[in-house]
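Just one chain follows, in the form predicted alone, and it is written as structure tokens.
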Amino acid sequence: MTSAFITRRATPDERVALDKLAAKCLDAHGGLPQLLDPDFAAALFPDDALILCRDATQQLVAALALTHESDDSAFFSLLILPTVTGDIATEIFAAAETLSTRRVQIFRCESVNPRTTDAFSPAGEQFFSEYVMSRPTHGMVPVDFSNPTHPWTDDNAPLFFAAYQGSFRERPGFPDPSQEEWIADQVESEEFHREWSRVALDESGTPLGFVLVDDDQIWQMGVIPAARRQGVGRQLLTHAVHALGALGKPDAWLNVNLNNPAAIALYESVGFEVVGQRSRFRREI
């Protein structure tokens, strides 16, 4: 295999080729449909730190880009077709070192399949993986109103944060952001739907769970342990799907960690299906 190393500003033709590669990866693997959105793709694959890998026929088969760096880590985005041979992993990792010499390298891959994972396992550890799930917004069961829910406002955003913390604090790797950081992360998105994002409260006003709606995605949803298996998650989920339908979205999308079988079972019970997988790989140099 020969590789084209592009560490300058990508040309319009190269951006077109990258868009076609994203479409091929989605056709082959499934995954996040946002890969086809120009703004989303531009954020994942910035022009000034981009490597395009081509096969012997000069067809684009993989793309790698440095998105940002911390003190000791470099963060990359990656697209790779399942038709390439396993030795491309060696080339990709070697190419990454031309973009950054940080000790830890994190690779974000929004569209993967088992063959992709196998190709990278000898040189990088897969430490995170989620299913991408989807269902049509029409034909959803009616919303259950047994628990009061409230839309996101500046005043009650802390209730959403409390529901987030209560839902996920005990999970391994919980990032534990401050309230200010977490709220800012949500509202900075131009596609965040405040009126359709909801927090469920008990009679005393204590948060039971929450759901965030962003663009056509159920961006995040959680239920505190004491309120699980009581219909709170199903209520929030059905509300979010109906909300996306009211927004004119034909399909609802969400991501769920592979090690969360209870959530996967809930989503499947209301018609969501797995349509792809996204993963993160880590290596030290």
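None of these values were measured; they are calculated from a predicted model. For every residue, the number given is its place in the sequence shown, counted from 1.
There is also a form predicted together with a small molecule; it is not shown, and the following applies to it.
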request  = Please check if R171 has a heavy atom lying within 4.5 Å of any heavy atom of the small molecule in the model of the complex.
outcome  = yes
request  = May I ask you to check whether S269 falls inside a 4.5 Å heavy atom distance of the small molecule in the model of the complex?
outcome  = yes
query = Is G30 one of the residues lying within 4.5 Å of the small molecule in the model of the complex, judged by heavy atom distances?
reply = no
query = Do R228 and the small molecule share at least one heavy atom pair within 4.5 Å in the model of the complex?
reply = yes
message = If the cut-off is 4.5 angstroms on heavy atoms, which of these, V232, L66, L52, L244, is the one near the small molecule in the model of the complex?
response = V232
note = Of 249-257, 22-30, 57-65, 42-50, the segment with heavy atoms within 4.5 Å of the small molecule in the model of the complex is residues 249-257
